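What follows is one chain in structure tokens, specifically the form predicted on its own.
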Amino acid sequence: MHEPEAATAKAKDLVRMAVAKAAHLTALPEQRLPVTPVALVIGGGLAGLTAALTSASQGFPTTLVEQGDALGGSALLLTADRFGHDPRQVVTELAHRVKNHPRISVRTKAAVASVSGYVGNFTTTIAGKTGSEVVNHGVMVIATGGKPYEPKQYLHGESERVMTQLELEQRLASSRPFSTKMKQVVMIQCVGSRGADLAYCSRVCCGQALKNALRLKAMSPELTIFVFYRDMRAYGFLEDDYLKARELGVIFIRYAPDNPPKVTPGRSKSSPLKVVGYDPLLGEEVELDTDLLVLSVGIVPEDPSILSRMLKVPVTADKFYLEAHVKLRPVDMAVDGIYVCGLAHAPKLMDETIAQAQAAAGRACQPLARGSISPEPIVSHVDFELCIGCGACETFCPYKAITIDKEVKPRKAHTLTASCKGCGVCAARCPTMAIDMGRFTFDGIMAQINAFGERV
């Protein structure tokens, strides 16, 4: 902005280069490729069941693949929602609807063994208990889910008085949950999360702690409950649960990440645990004898390494699948025709999981309903006269969009236009310059360079 003469010279160069490139532009043909009107959903949890039912309800045959022997996933670990309803009944009913839907084929104890093809024309091999099966489909929804983090802190696994929030839910749903002699309960939030083993916030832990605290209070109103927290992230209507817990006498004590509460065992198994933590309001440490210590742990995604490499889709540093764009394409993956939802994408509440699964299924049904796809014309083009069939392009293509036809002599490279993203890696690697990119041809680029050198 402070060099107007240089800026003007640069503008002239850019215009001259653009004109020189325009002289070499040619019309790029638009292709229409057929779409196999079938959807594949990987994962039989709440997200996968919702996505499969949504796509099948729109009239498209759907194959659901679940590696476990039953449908439902992590949602079956919950025994009550914040309103007191049992979510297991809803999930079980949803699984029953999926199993009996005429357009849904369920494969349990099965896993994806291999995937090939592109949007509209995928071919997936499913390895199941009865052998391998090949499924042709046009789109794919990833809903592989997650699982609770297994804590090793605070004597978990060593003392019967220490349990996670999910383990507490199981006890609360049993016929005889706890002894009437229990007087005091301590909960610790963010165990293993936000900087320890897990670098992220799982969002559901605070709401789960509030829900279980209210359930304990309903069971025994005189019970004293302390909650050590870093930040209470009770957003939305969960704020009502936080206010109700405060009104019922639940005591919340904030702790700093560098000074978390410390837990020591009692003198015997029947003795209470001792929890020592700093109270910033009192300005001193408090020592609590607790009959029960409840740990709020986060959500860990199922290992995505094999499937992500197979599909050529990226994952985050925390092993969650990475969406194409957080605002514009929140359920799309970088590879066209592949969508993600549920805990495979990020930790979220059940209502958020359902909404995202419906969104992913809705996006997946768009190319199926259209019946055909129009890939971007800016793709690689192979000059067969210059191609020597060395295979460098096939090796370095990140999207597997180039193949070498080994049955034809001499060998030549071929571009799968539906898979090509126009990145140009193949053109840069080709030793004989046999590959050009649409709108970025060798002649066009050289014309730009020569035009820049003609500055006067």
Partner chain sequence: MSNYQPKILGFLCNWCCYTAADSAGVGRYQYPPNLRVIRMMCSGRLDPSFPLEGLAQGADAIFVGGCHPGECHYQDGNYHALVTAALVHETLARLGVNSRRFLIEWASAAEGPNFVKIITGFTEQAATLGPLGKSEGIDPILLREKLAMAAATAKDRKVRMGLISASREMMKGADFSRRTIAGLVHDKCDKVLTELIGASVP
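Positions refer to the first chain, counted from 1. Keep in mind that this is a model prediction, so the values were computed, not measured.
Not pictured, yet referred to below: the form predicted in complex with its partner chain.
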Seminar exercise, completed: Residue within 4.5 Å of its partner chain in the predicted complex by heavy atom, from 256, 243, 218, 326, is 326
For this session: Only one of 428, 70, 28, 408 comes within 4.5 Å of its partner chain in the predicted complex by heavy atoms, so just point that one out.
Result: 428
Problem set entry | Segment that reaches its partner chain in the predicted complex - one of 265 to 273, 305 to 313, 175 to 183, 137 to 145, heavy atoms within 4.5 Å | 305 to 313
Exercise. Using heavy atoms and a 4.5 Å limit, would one call residue 424 a contact residue for its partner chain in the predicted complex?
Worked result: yes
Exercise. Within a 4.5 Å heavy atom cut-off, is residue 416 in contact with its partner chain in the predicted complex?
Worked result: no
Exercise. Heavy atoms within 4.5 Å of its partner chain in the predicted complex: does residue 388 have any?
Worked result: yes
Exercise. Should residue 20 be classed as touching its partner chain in the predicted complex when contacts are defined as heavy atoms within 4.5 Å?
Worked result: no
For this session: For the stretch 1 to 33, return the residues whose heavy atoms include at least one within 4.5 Å of its partner chain in the predicted complex, in the order they occur.
Result: 1, 3, 6, 9, 10, 13, 14, 17
